[in-house]
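Take a look at this one chain, the form predicted on its own, written out in structure tokens.
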Amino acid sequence: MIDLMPIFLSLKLAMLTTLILFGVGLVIAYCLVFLSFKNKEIIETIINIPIILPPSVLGFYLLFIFNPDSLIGSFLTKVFHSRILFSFTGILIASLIFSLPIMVNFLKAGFKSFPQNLLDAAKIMGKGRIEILLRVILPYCRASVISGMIMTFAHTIGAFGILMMIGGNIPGQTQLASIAIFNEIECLNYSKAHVYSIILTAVTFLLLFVMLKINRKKEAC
């Protein structure tokens, strides 16, 4: 019998990451697509760095930043009495940084497809930016929004290196399903590793299948 806690923690982390990044990514993607300002390319470059940079590099700098002896780490420890490293909060922060470009890029792609004439019509009708975003743009781009959330969820479930560096391997706290698979393989418990792998594969397959069905319906419209 396998311990289902790593599966639960992975799903919990993926869900929290997706929900938080939806709100953050919504603001960022809207600003990048619909607003004009200087140095937009620099901001986009910074956002997309986690896609290119090795997870070990990201993990190293996060370890450096949130170390209890660092300025930020000591501040968080003294003010909030909270330890970031080797905690669920730590892997959540790492996951948010790691998956941010996934959410932002999907939302950007959807926003860029939004017709300019509909945007102009909404402005003529006196609608504010927030109302236009929530009641006009998001419904029109719902396929991209759902795809972004699904891919962010799946990307988080599959994360390993950066989360291992920040959270370690603490059962019930930071031991995710991907880390549990690594542990079982090291211990030559291939049967348990198979079970964890099958569950993650099934979840990933279901998510991708739903995303493709949604995109197929959008193309058929």
Partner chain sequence: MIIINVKKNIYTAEGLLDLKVKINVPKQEFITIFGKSGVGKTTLLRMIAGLLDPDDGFIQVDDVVWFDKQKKINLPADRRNLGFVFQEYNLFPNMSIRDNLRFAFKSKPDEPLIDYLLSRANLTKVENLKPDILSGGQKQRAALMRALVKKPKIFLLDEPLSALEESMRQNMQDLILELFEELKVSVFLVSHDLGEIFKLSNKVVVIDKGKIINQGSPLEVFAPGDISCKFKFEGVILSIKKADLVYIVVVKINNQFAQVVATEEEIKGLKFGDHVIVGSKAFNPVIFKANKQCV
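No experiment lies behind these values; they were computed from the predicted model shown. Positions refer to the first chain, counted from 1.
Beyond what is shown, the protein has a form predicted in complex with the partner chain; the following relates to that form.
Colleague: Can any non-hydrogen atom of residue 72 be found within 4.5 angstroms of the partner chain in the predicted bound form?
Modeller: Close contact is absent here: in the predicted bound form, residue 72 is far from the partner chain, nothing within 4.5 Å, heavy atoms only.
Colleague: Indicate whether the partner chain has at least one heavy atom within 4.5 Å of a heavy atom of residue 124 in the predicted bound form.
Modeller: Flag for residue 124 set to yes.
Colleague: Taking any heavy atom pair closer than or equal to 4.5 Å as contact, tell me whether residue 136 reaches the partner chain in the predicted bound form.
Modeller: Yes, residue 136 is a contact residue.
Colleague: Within a 4.5 Å heavy atom cut-off, is residue 140 in contact with the partner chain in the predicted bound form?
Modeller: Contact check for residue 140: yes, within 4.5 Å of the partner chain in the predicted bound form.
Colleague: Exactly one stretch in 147-155, 94-102, 113-121, 81-89 has heavy atoms within 4.5 Å of the partner chain in the predicted bound form; which is it?
Modeller: Stretch with heavy atoms near the partner: 113-121.
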